[in-house]
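Only one chain is given next, in structure tokens, and it is the form predicted on its own.
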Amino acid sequence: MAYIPTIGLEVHCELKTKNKAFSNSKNTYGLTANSEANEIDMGYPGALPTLNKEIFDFGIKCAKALNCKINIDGYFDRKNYFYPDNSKNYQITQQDYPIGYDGYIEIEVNQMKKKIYIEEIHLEEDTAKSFHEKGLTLLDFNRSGIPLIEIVSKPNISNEIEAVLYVEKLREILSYSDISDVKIEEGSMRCDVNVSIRKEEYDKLGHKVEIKNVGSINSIKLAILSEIERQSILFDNNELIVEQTRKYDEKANSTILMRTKETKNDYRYFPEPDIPRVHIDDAWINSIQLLVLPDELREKYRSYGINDIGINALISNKELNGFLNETISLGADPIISSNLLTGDILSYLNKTGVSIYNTYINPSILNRLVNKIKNDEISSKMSKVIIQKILETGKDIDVIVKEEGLIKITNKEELNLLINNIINNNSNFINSNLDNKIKLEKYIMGQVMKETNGNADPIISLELIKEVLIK
């Protein structure tokens, strides 16, 4: 029997602040273990937190980006639990007064828009990072105290496809808002998935099972499918589904029990006594401005005439998107610029693993190349050679054109002679296909491009081919 799933997500993202949430240690990644951790981060007795105002700036920005209402009074709470990576035995978080609530983002499923509602977003601190090696657990407190924003969706996600689209949209928004670098592979974005099933739409929601710390977007999809299947088998066998916490095992493609679910009472939440109330007034809220968000960019690019494939490639690569806008600001044609960036240039970047800003090309050079293509000085085939040479050597476009013999042939007499020679040398093929002009045009055009190494002007060549065939 097919069951109806109900899914909610809790997404934790590290904020791009300069310092940690409650100490003056730097917010860093990749440094020597425990080199950026002080007494507050490590939970020394008597060490008192100091509030970093910047985390509220980021929280307000996130609330705006996710269409949330903002709590004008900010309080922190203690979530009490023991675990090796949490040496002070509690986490500073926002339990009853989240910075944002009642928000939403829109996803598009089968060309239909759907709002995924956000219950709340709240600020908290991260724990130390655990490493398990040779029977030992090692702790790196560089991560301890790094500010997080937790984004809790309402359970109105219907399936694994919507869940993936939701997380991808969140990544776009948080990245383009400069709130978080959302690098799942580095742990700066982590996701917990809540799944329940029921038989009919009118049945009450089933018992929620939480899948902790799912490690990639693809694993979110697989974990949901695996958990739905597990719960469905229990339902079919009339077994009870127990509220619990599980983890997803990628190798086994299944969820594994970690512990039965804790309740909020288990954490003994109470107001954080060492951090005072923070009042957020209208002037503060209005001072936090959003950057251009992905949906605005999509509409702008569509107005330029860029196709959806190109748009998605640009949005998914923030650097490429910025490079395009710099190039367009110089007067370059948006469609040609986009095609070059998402075609040969992106292919080169993916192969080499370098940033576009660490290559020899820049917006000014790309603008020159785009203008040469638009003015029919070079063909799109020539541009492939030119782009490769620019990226690898940094040579000037005109130098590359001369060295590679990339002179576009526009002389009609020269092209006409070539076309007639091709027809004479292929008379049998031509005569046997006189009733199929389109086939002949394509064949002769292919021969023209072959004979000229792609340097013949395609528009002029096609006009001349049609004239000759009419005769």
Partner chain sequence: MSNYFDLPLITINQKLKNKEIKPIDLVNEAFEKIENNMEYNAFITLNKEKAIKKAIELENKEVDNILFGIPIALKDNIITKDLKTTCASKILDDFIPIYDSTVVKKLNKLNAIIIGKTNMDEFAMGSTNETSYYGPVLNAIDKTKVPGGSSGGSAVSVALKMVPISLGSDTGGSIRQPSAFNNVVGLKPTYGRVSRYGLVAFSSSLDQIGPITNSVIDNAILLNAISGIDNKDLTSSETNEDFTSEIGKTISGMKVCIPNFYMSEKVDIEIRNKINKVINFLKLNNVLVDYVDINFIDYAIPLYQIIALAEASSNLARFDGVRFGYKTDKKITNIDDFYKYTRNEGFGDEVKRRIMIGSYVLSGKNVDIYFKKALSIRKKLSDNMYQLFNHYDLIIGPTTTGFPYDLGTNKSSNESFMDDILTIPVNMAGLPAMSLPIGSNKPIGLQIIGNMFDEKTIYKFAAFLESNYKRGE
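These figures come from a predicted structure and were not determined experimentally. Residue numbers count along the first chain shown, from 1.
The form predicted in complex with the partner chain is left out here; the points below concern that form.
- Scanning G305, G394, G331, P84 against the partner chain in the predicted bound form with a 4.5 Å heavy atom cut-off leaves one residue, P84.
- When you look in the predicted bound form, the only residue of R198, K114, K169, K88 with a non-hydrogen atom within 4.5 Å of the partner chain is K88.
- Residue contact with the partner chain in the predicted bound form: P45 places a heavy atom within 4.5 Å of it.
- The closest non-hydrogen atom of R78 lies within 4.5 Å of the partner chain in the predicted bound form.
- The closest heavy atom approach of P271 to the partner chain in the predicted bound form falls within 4.5 Å.
- At the 4.5 Å threshold, heavy atoms of E133 stay clear of the partner chain in the predicted bound form, well away from it.
- Heavy atoms within 4.5 Å of the partner chain in the predicted bound form are found in one stretch of 207-215, 104-112, 89-97, 319-327, which is 89-97.
- Contact with the partner chain in the predicted bound form holds for none of E185, D192 and L297, as no heavy atom of theirs lies within 4.5 Å.
- In the predicted bound form, the residues of 122-154 lying within 4.5 Å of the partner chain by at least one heavy atom are, in order, L139, F141.
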